[in-house]
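Only one chain comes next, encoded as structure tokens, the form predicted on its own.
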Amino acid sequence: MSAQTTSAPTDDTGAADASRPRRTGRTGPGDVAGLGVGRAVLFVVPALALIAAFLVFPALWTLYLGVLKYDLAGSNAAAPQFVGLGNYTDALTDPRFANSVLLTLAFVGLSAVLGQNGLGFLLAATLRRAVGWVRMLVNGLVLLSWILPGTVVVFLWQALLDRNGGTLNALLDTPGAAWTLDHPLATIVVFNVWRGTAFSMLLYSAALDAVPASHLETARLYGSGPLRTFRDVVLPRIRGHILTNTLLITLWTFNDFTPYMLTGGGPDHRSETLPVYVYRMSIEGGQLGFGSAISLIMLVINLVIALFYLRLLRRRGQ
């Protein structure tokens, strides 16, 4: 389709072929659908409007609030003051912000990159050789932790870790042990591994199914052990899936707010990850401008992480 069509084509006798639809609008070599520019724009406009309303405008509004001393109450709520980069310098020099960054990196590295990645792959590889009913049962239990609402999951974990009469203390015979107070970071790490492993398991199951059985059989006939088979046959086939999965779960965990419902960021800020820090400063502390500045810093960190993984994916594609 290479030229604008404004009239119906004619047959050998010169009569118009009325059975063919008439096309209007400009078309080009890349217009494989033959919609023309006008109709294509009409299809895209709703998506662009949603992106502008729910992504672009909030981002610009956050950027605007980040340069204001804007509080939820008081004189700065009625008349916000322009402070330029003051909120950003205050955040970068705040010890609580540095503590939140370190906690967030530890939370992401331990629970997502290592925990969900490793456990998800282990489950996917193990269940391939399991009998049908065992595979269905384990898949159902793992998926259940993923699809349950966050509030329900947190309630169940509160009952599990309760200091007085909790299930875990009853099983371990450790009455009075306060897990969320004594080990807050370990608690939210284990919680996130348990809750988010299902996605990694599903993705790796699909990736392992794509490995040709003939390649595995050839490796077996050559006497390759499990580790060598994984390194030489399986890993080259699923490397892209590993990077994609790691990118997604890293970003999801980095912005996850669920730990707040489990530990509240405490005690003494020992589980105060960046999303929790933003919430406590913006909503509980009423400093909307300061919280917006931290949110923008989080956005930049997310972009850096995404670009790092995308660069690895592009290098693999080359």
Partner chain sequence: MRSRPIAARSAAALAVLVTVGLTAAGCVSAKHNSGSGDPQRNAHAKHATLTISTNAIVGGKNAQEATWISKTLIPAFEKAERAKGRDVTVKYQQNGIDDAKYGEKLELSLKADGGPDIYIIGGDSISRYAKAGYVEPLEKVVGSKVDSWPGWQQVDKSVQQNVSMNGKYYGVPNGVDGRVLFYNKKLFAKAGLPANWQPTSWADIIAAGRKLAKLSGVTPIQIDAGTPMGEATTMQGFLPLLAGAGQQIYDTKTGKYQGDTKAIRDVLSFYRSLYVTDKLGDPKLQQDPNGRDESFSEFSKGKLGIIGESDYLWRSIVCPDKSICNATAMADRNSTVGYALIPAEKPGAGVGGQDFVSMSGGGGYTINPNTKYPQQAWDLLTFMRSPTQIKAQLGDTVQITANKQVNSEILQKDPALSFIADKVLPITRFRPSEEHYASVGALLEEASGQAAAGKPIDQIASRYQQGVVKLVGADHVSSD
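As the structure is a computational prediction, the values presented were derived from the model and not from experiment. Numbering follows the first chain given and starts at 1.
Keep in mind that the form predicted in complex with its partner chain is not shown, yet the notes after this line are about it.
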Discussion item. Based on heavy atom distances of 4.5 Å or less, which listed stretch (209 to 217, 229 to 237, 174 to 182, 187 to 195) is in contact with its partner chain in the model of the complex?
Written reply: 174 to 182
Practice prompt. Determine whether any heavy atom of L102 comes within 4.5 Å of a heavy atom of its partner chain in the model of the complex, and answer yes or no.
Written response: no
Discussion item. G165 versus its partner chain, in the model of the complex: is there a non-hydrogen atom within 4.5 Å?
Written reply: no
Discussion item. So in the model of the complex, is its partner chain close enough to V56 to count as touching (4.5 Å, heavy atoms)?
Written reply: yes
Item to complete: Give a yes/no on whether G34 approaches its partner chain to within 4.5 Å in the model of the complex, heavy atoms considered.
Response: no
Worksheet item: So, S75, Y279 and I283: all three within 4.5 Å of its partner chain in the model of the complex by heavy atoms, or not?
Response: yes
Practice prompt. Give, in sequence order, every residue of 50 to 84 that has a heavy atom within 4.5 Å of its partner chain in the model of the complex, or say none if there are no such residues.
Written response: A52, V56, F57, L60, W61, Y64, L65, L68, Y70, D71, L72, A73, G74, S75, A77, A78, P80
